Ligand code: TXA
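Here we start with a single chain on its own, the form predicted alone, put down as structure tokens.
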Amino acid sequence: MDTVILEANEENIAKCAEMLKKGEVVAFPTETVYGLGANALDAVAAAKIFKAKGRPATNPLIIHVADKQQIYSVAEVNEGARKLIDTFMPGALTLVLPKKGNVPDIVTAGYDTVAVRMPDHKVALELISKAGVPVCAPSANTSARPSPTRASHVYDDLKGKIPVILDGGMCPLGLESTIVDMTKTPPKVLRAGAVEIDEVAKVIGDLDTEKVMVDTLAALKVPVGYVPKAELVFSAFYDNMSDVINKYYDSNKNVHGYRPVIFCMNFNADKYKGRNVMLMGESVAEYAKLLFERIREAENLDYNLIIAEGVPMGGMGTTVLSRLIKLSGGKVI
């Protein structure tokens, strides 16, 4: 199969919407990461997603909608969910809700719940609207690879496996959505993401965050979710972490023959003079946005060791640290 990249203009969006209607898969940009979409109400179409990604059938898909009302067509919405929909949608929040009978079991991995979100991205919303159906879409990468934030990342992972990629440029947030299970009391956070957990709690009260912590701790033993081609380690966050990072860099370069690079905040770059660095922005939010992007850049530049600065706990820092732990398998220096 030939894979083509199309500019995300009106003509090509309409063409891709027709492909979705006919049961094909289409990779498209959202504000979080690129998604690999299919008609969420078509079991045969949804199966093509699992085949292309190498995704386990036990891993459910997120349904993307073009307007808030469309959520009610696939899910039962409770009062707490209504508040979150009104506050955060369109946006990078996914809600798990009781599913309606029109949603195929393959989309929900046989569960009686469905994950739904409304992306905050013009191309995604126009594509879903023109398709006229909700679109199920995980990230448009092969399973276990870092999530794609550019069309070129999708092509690198899925060329020859999907027909088309809509190129909408770099994803504005660069980090997956936060997932909250609204069928539990209190609601359970299943994944920390681009919407801060504290902001969700301000709207609906207490949240159960145990799963996020358990999954993060599990990654200390077995890497899950993403596997960079380069080895990745990260530092705990403290005032003099640059001293430890520099020693680790020099030892691995000079003694062990690695080609290392340091991921650091812009204002810390001077602490790593004479060493390869990639800048992660001026804030933790920018760090989060650039993390997957920089990993793929480092791989393309043939760095085989990534040494990442740690960030403070809390807010978006919690999300970044959970990603670093998963990416590294818990390798903290």
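What you see is a predicted model; the values in this text were computed from it and never measured. From 1 onward, residues are counted along the sequence shown.
Keep in mind the form predicted in complex with this ligand is missing from the figure; the text below concerns it.
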item: Segment that reaches this ligand in the predicted complex - one of 67-75, 190-198, 256-264, 242-250, heavy atoms within 4.5 Å; value: 190-198
item: Partner-contacting position among V114, I165, L127, M182 - heavy atom within 4.5 Å of this ligand in the predicted complex; value: V114
item: Y34 within 4.5 Å of this ligand in the predicted complex, heavy atoms; value: yes
item: 4.5 angstroms heavy atom contact with this ligand in the predicted complex for L61; value: yes
item: Contact flag, S177 vs this ligand in the predicted complex, heavy atom cut 4.5 Å; value: yes
item: 4.5 Å heavy atom contact, R296 to this ligand in the predicted complex; value: no
item: Heavy atom contacts to this ligand in the predicted complex at 4.5 Å, residues of 283-318 in sequence order; value: none
